[in-house]
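Below you'll find only one chain, the form predicted on its own, shown as structure tokens.
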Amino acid sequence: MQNRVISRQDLAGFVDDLIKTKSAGDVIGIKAQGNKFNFGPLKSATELRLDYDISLLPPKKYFFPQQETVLKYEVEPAFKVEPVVEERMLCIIGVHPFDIRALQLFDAVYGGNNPDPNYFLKRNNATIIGVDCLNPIPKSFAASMGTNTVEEGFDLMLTDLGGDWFVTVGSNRGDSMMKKYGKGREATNVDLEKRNKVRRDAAKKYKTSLKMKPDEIPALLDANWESPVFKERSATCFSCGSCVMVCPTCVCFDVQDDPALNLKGGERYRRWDACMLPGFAAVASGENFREHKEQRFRHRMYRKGKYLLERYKYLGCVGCGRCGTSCLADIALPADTYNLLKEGK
């Protein structure tokens, strides 16, 4: 597999060919949404905004929808249950490295000995075309987390060299796409150094950083369970859940049944749920294991910085900064809490 360099015009033609032929399925790309950006279906390459800073929602929504039916059932005339599994081919263009790392965590959570078919029938049929983030938002600390670049998890990765695009080929699928639709030329060592310099320059633009290495976070949390930081930080929390609903690594869901009005059948669906919501840890007896917002806030910090790492080998935070941007109380960003704990505040 050989990396390529492709002109802006040829990249636009490459995207338009994918849209026209649907050879990789429906083409999703990053588009402007007012003065923000979000992923959505592309009609042409002119809609694509690869210079964006952050998407409102992470691309996980295409593999783990906000709400999806998982089974339908009938009670009359005879009891019958049928699973609902959607298989869909997608090509998603413009995924930042930290969102690719988040998808790798999802793969670990929903994989294992009993992989989730609702997730993997979409995930395994998806082509991921990433793009290096050259304009990070002020709240992002991906460079501190080591997630501002990735070496795997994508089919193609684009880096803006100023005039042309450097295309890192990450899979056989990506290699085949470039051979079929891509133009340009093979990348040289000079081109590779240009790409690396662009990445180094982008890493210097991050305004938020951790005051420790990412692998120090679990031990830091182990030593600070009783820290007053959690109570102080959570005092102004609205328990609105904005932070967790935009998070690319939040994997939790709730399951509910929706019976038909005639009670002869219905469907079961799952939808996003999250630990910062007051009812998340409530059980049928009426007990709530994290009734107070301090408990929920602390749990989120431990889940992002310790629990997921211990179970799935990935930290539960990729430093994208979405939570900090969406939080009205300005308390959600994990880097801020971890830095306060490190300082002994």
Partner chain sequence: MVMQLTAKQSIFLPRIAQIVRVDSLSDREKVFEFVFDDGKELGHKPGQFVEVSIFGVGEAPISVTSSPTHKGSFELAVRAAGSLTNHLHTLGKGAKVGIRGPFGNGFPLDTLKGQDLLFVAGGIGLFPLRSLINYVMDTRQDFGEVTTLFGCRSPQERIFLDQLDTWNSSKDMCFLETVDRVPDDSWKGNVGVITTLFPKINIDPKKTYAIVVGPPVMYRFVIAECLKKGLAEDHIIMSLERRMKCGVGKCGHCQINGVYCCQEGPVFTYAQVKSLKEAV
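Numbering follows the first chain given and starts at 1. In this text the structure is predicted, and so the values were computed from the model without any measurement.
Not on display, but discussed next: the form predicted in complex with the partner chain.
S.K.: Which residue among 293, 60, 303, 31 has a heavy atom within 4.5 angstroms of the partner chain in the predicted bound form?
M.R.: Selected residue: 303.
S.K.: For the three residues 70, 75 and 299, which mark the spot I'm curious about, does each lie within 4.5 Å of the partner chain in the predicted bound form through at least one heavy atom?
M.R.: Judged in the predicted bound form, 70, 75 and 299 all sit within 4.5 Å of the partner chain.
S.K.: Mark residue 160 yes when one of its heavy atoms lies within 4.5 Å of a heavy atom of the partner chain in the predicted bound form, and no otherwise.
M.R.: Output for residue 160 is no: heavy atoms all beyond 4.5 Å of the partner chain.
S.K.: Using heavy atoms and a 4.5 Å limit, would one call residue 255 a contact residue for the partner chain in the predicted bound form?
M.R.: Residue 255: contacts the partner chain in the predicted bound form.
S.K.: How about residue 270: is it within 4.5 Å of the partner chain in the predicted bound form, going by heavy atoms?
M.R.: Result yes; residue 270 sits at the interface with the partner chain in the predicted bound form.
S.K.: If you check in the predicted bound form, is residue 202 within 4.5 Å of the partner chain, heavy atoms only?
M.R.: Heavy-atom contact with the partner chain at 4.5 Å: absent for residue 202.
S.K.: Can you tell me which of 138 to 146, 240 to 248, 257 to 265, 174 to 182 lies within 4.5 Å of the partner chain in the predicted bound form, counting heavy atoms only?
M.R.: Among the listed stretches, the partner-contacting one is 257 to 265.
S.K.: Between 57 to 89 and the partner chain in the predicted bound form, list the residues on our side with a heavy atom within 4.5 Å.
M.R.: 70, 71, 73, 75, 79, 81, 82, 83, 85 sit within 4.5 Å of the partner.
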